[in-house]
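As a starting point, one isolated chain is supplied in structure tokens, in the form predicted alone.
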């Protein structure tokens, strides 16, 4: 057993030792089942097809400390960071496992934010997480989580911002975050999740989010990774979308050392929609792997995917996207595309778009492109007085900005566009 697996098993045992009789509650029984799944599969290697390009062995070779999750009812008034454009958001902070909600934020009618362990919470997506080793490990270790419940017909007029902190002052640290979002019939909610590190050691940041979208509901989930190379993030989001519902995921990978994002959308009600967008801007030895699955289970559904990446230095990007169209899912429309720019001879991209279609009355397409900037476009800008470095920065910024501009939050969109321009050297252009 690897040091990482040993650390996870020990952290789980330390956590359940404090439960006493509560260990028999359904929430904690599910955690035990998840640990068993993780130990059965173990830490994946590059010999596993789904991890062919993603080597987690450097993480598995280290031991990690972990803090048990808990919910604090004495939340500080300043819980959570404040991102530009989200000053009015409902703020939730997870700091080394301790969850607090800003005491000054008033929840709109029909919106509940509570501890996930309370009550008999049924998560229809839990089996999807059990199939993924790190998602299973996250559920096993997350002795507490966040429940965001939006009642039928309710509209959350404020964005909910979850900021996850991990303090690694005293050595390599493992943090686990679990979120369940339930949007009722014709309910609407927008959620932003950002991840942050403190200290000088490495952080292994594991996170899962389950989203249940009711009939006619609408959920937008934005994940922002803009930190340091000490951040090693493995996150998994699964959304099940009922009739006429809509789910949109936005993955913003601006700065982190190692990232694996898994996003899975199941369209289980007719006329439901799923949208997956992602952008990665890497340099140095940074690494981002975006794995997506869109499962069209019923007829008359629509999905779109657009992922873009800009890779400099010796960075590496991976896109592995799958679209399944089941035999009964006639009249499906599904579109998937991945586009990458290589700014360095040492940068590399592995792209694997896939379609598996068992229905015959569908409109589906997929594709991937990888290349360098068009030299004619660079020359055009140079001929108008721009230095080459500035011309490259301007074109690269415009290429990546397309994904950020799909964000529904105007203020956050502007904040990320400025961060993108700053990292690409296009500020002020």
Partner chain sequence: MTSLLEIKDLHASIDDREILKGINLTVNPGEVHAIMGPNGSGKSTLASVLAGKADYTVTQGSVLLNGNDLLELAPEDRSREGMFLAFQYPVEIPGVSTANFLKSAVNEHRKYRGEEPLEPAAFLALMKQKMQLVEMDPSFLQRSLNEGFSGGEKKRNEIFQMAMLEPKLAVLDETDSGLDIDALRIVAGGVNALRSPHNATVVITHYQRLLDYIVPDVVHVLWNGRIVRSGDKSLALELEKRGYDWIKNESEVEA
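Positions refer to the first chain, counted from 1. This structure is a prediction, so every number in the text was calculated from the model and none was measured.
Below: the form predicted together with its partner chain, not depicted.
- Stretch-level contact check against its partner chain in the model of the complex with heavy atoms at 4.5 Å: of 359-367, 58-66, 28-36, 373-381, the positive one is 373-381.
- In the model of the complex, at least one heavy atom of residue 388 sits within 4.5 Å of a heavy atom of its partner chain.
- Using a 4.5 angstroms limit between non-hydrogen atoms, residue 398 touches its partner chain in the model of the complex.
- Although the partner is absent here, residue 43 is not a contact residue: none of its heavy atoms lies within 4.5 angstroms of its partner chain in the model of the complex.
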